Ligand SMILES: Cc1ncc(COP(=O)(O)O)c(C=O)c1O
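First, one chain by itself in structure tokens, the form predicted on its own.
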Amino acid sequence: MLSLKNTSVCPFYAVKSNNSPPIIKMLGTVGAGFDCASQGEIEQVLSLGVTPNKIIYAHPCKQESHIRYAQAHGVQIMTFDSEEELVKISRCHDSAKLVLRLGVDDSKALLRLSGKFGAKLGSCQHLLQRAQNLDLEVIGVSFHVGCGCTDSKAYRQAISDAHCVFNIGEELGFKMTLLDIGGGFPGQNDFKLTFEEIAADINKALEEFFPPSCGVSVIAEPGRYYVTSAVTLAANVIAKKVIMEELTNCRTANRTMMYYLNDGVYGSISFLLHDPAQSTVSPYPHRKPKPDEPVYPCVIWGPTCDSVDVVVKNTFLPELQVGDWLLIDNMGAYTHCISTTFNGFRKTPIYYVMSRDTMHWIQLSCTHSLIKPC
């Protein structure tokens, strides 16, 4: 995912972003690991042939039954950010290999996480001492700069803070061997900060604080980065209404089109309600408009009875008819996996497509070990 001279950052795909089995199977085939947040996600990943050593249980606040499940199925690496979590782990999985989740500056992110998860830098020594007293093994540090990070320098500061925690842990006698730089990487090309800009600052920081000679393995938890652009939503126009607005100085009228789709914010497009990292969509007709075809102001609604269910409040499209299709790109992350069946509307079915060239490349890579495993 990110290269640094003789070392690399190994991806542990964030299952929560899109848990479709074919996606997990394909990523597992090409050597990715997996960031799981619950027993259910661990069960699914294991059922698809992933080995336990390719999983990090990256939720800092876990149910005891889920910890016991991880222990029983060989999942060793898991995160913590509090003394209470350490006590739970000592009861349920005392052989776990622990990663301290560090709270870092996420003020430049569109969706901040450190208010809910992550230990403050000043409390890390106490937590590491408590882990030592409980005879637990701490092997590294993780952090997350937030979703939709708009300043790549946030990664550098977080890596610097993690280095401080590494030093504390090593002074206490822990063998610190793992750095998890989390997620926050953009999944589409038009985001204000490019992946290449982020990678450049991460690589510089890793070279300064965690050079290859230090022997630390580095992983990340990309979700959007892998799947956002992989999915296009096809939504059907199920109803139409034409609003005529009379003009004051003449007898003609303006037309505003209102279209109702079979999917909306209670379905695949729910991120419009709660995810500032992806707050707009741009539907476009499946059929190619004629060059001289007029366009009209439109409001596009979802199918439910709720007036909150609006997909686009103001856009311009050629006139559509009931039965026409609109397409929406970049619909792979935090869409179908968190859709509901509110009002009795079914979840949108998923159809998986792969080009022959891509399939051939994956088959060759597996057969001839062309992909270097993490």
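Heads up: residue numbers just count along the shown sequence, starting at 1. What you are looking at is a predicted structure, and each value in this text was computed from that prediction instead of being measured.
This next part talks about the form predicted in complex with this ligand, which is not shown.
Undergrad: Which residue, Met331, Val311, Ala58, Ala70, is the contact with this ligand in the predicted bound form, using a 4.5 Å heavy atom cutoff?
TA: In short, Ala58.
Undergrad: If the cut-off is 4.5 angstroms on heavy atoms, which of these, Met176, Cys147, Ile77, Leu127, is the one near this ligand in the predicted bound form?
TA: Of the candidates Met176, Cys147, Ile77, Leu127, Cys147 is the one lying within 4.5 Å of this ligand in the predicted bound form.
Undergrad: Any of the heavy atoms of Ile168 lying within 4.5 Å of this ligand in the predicted bound form?
TA: Ile168: no, not in contact with this ligand in the predicted bound form.
Undergrad: With heavy atoms only and a cut-off of 4.5 Å, decide whether Ala109 touches this ligand in the predicted bound form.
TA: Contact with this ligand, no.
Undergrad: Using a 4.5 angstroms cut-off on non-hydrogen atoms, would Arg224 count as touching this ligand in the predicted bound form?
TA: Although this ligand is absent here, Arg224 would touch it in the predicted bound form, with heavy atoms inside 4.5 Å.
Undergrad: Decide whether Arg101 counts as a contact residue for this ligand in the predicted bound form under a heavy atom distance cut-off of 4.5 Å.
TA: Yes, contact at 4.5 Å.
Undergrad: Tell me which of 85-93, 216-224, 194-202, 129-137 has residues with heavy atoms within 4.5 angstroms of this ligand in the predicted bound form?
TA: Going through the listed ranges, the match is 216-224.
Undergrad: Even though the chain is shown alone, can you say which residues of 273-309 have a heavy atom within 4.5 Å of this ligand in the predicted bound form?
TA: Contacts from 273-309: none.
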